[in-house]
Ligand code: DGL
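This document opens with one chain alone, in structure tokens, the form predicted alone.
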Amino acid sequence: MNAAPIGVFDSGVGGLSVLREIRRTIPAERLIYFADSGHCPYGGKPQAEIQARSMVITENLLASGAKLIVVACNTATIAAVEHLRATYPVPFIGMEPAVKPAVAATRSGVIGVLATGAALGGQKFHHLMRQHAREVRMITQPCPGLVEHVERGDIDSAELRALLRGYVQPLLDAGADVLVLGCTHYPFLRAVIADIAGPQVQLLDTGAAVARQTQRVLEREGLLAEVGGGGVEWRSSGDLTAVQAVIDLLWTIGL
């Protein structure tokens, strides 16, 4: 099983921000990335539909021998990861917004969270707020439309910048000095967000933390790849040729 692949999936291409961190942390691992682009975005879809899609993708990855699966999507984590863990025999790693490190980092006591409406409405996020954010003011900002921009490879257009400014500026006006990027698509917008927010505002995501947790679980289970350099196999429920063009663009961006 040590040479078996790790499966990684997202509603689309956003999970590449997590995949890249996994490659950096455990480069010997073989990876299969599944972009559910034929059903993207997940935000706004019923929980039962997201669970069903997550099961279809999981079974696809397990059929290829995946030894561990990373749910590289905040919305799918909230909707499906516990169900997946109860249903299938392999370990699952989910996403968690960077609330705890944001609380540790803030100086103003005000934190902004950019995420999908589904992620912000989930019980997991509210539990994190109750657990870690009692002593700060946390302002949540749903961001409809951002996922779709990233999915078509638009990470710096005037239209995108205007949309982002509308989401980010109210958080800055409220005194936020830390912004949590609560969707795996949003790290690809880091440069634009940083340009709007300015150097005094810290941007946090959890891709590196998820990669470290993946390594810890593999070590615990005795499943780490022992030798070799792993590659990535790309899969999609959409038009793989079109998706591959966006993957090629995003893969070259430094996060």
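Keep in mind that what you see is a predicted model, and the values were worked out from it rather than measured. Numbering starts at 1 and follows the sequence shown.
Omitted here: the form predicted together with D-glutamic acid. The next part is about that form.
Chemist: Exactly one of 40, 70, 189, 61 has a non-hydrogen atom within 4.5 Å of D-glutamic acid in the model of the complex; which residue is it?
Modeler: Of the candidates 40, 70, 189, 61, 40 is the one lying within 4.5 Å of D-glutamic acid in the model of the complex.
Chemist: Among 201 to 209, 215 to 223, 62 to 70, 41 to 49, which stretch has residues whose heavy atoms lie within 4.5 Å of D-glutamic acid in the model of the complex?
Modeler: Correct option: 41 to 49.
Chemist: Answer with yes or no whether residue 147 is in contact with D-glutamic acid in the model of the complex, where contact means some heavy atom within 4.5 Å.
Modeler: Residue-level check for residue 147: yes, a contact with D-glutamic acid.
Chemist: Who in 128 to 146 is close to D-glutamic acid in the model of the complex, meaning a heavy atom within 4.5 Å?
Modeler: None of them.
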